[in-house]
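Okay, here we've got a single chain as structure tokens, the form predicted on its own, with questions on binding and movement later.
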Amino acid sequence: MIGAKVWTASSQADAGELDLHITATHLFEHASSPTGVGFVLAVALVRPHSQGTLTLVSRDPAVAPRIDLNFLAEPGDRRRLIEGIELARRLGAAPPLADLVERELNPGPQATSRADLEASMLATLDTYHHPTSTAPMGAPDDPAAVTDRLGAVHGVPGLRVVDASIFPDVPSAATNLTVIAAAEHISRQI
């Protein structure tokens, strides 16, 4: 079952944008299942509007920066993710998946309102753990830009960054392949 994926647009997605993933996975504590096995229809909002921050707190590189992930701060992000959860529940309740389900564990059959779904969503929120866009590329006059289009850090000669941090926007695809493509492109240019 792992690897099956729905990639779709929420009702609030921009034209041509696919902002929701639903992935079938086995990554959960199987002891919590009454059958000892199970699967998760994991829902992800891959084009969030909420933005976090990364702030240096010291010049000492051994001191960790302050990171505020700021997940779901934008109300629209919450609505879109709940829409994805509702779609996942419909998929799980329809054949042939319904034939494999003894019962829904989370959010569970007692979750009947959007408020119930939001409470469950906030209690179980996780991330793909693929941070991006903390040193975005852009023009020298862009106050948010840290690097140019080839990863050269503005105002710091000889320093180049080529990883997911230079993305000017969060990609809606896996960051691994996107980083490889960016690195190969930049390496050919320099």
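Just so it is clear, the model here is predicted, and its values are computed rather than measured. So that there is no doubt, residue numbering starts at 1 and follows the sequence shown.
Note that the form predicted in complex with a small molecule isn't included here; everything after this is about it.
Annotated contact segment (heavy atom within 4.5 Å of the small molecule in the model of the complex): 158 to 166, selected among 139 to 147, 158 to 166, 31 to 39, 45 to 53. Under a 4.5 angstroms non-hydrogen atom cutoff, the small molecule in the model of the complex lacks residue 25 among its neighbouring residues. Of the heavy atoms in residue 129, some are within 4.5 Å of the small molecule in the model of the complex. By the criterion of a heavy atom within 4.5 Å, residue 174 is counted among the residues contacting the small molecule in the model of the complex. Within 4.5 Å of any heavy atom of the small molecule in the model of the complex lies no heavy atom of residue 182.
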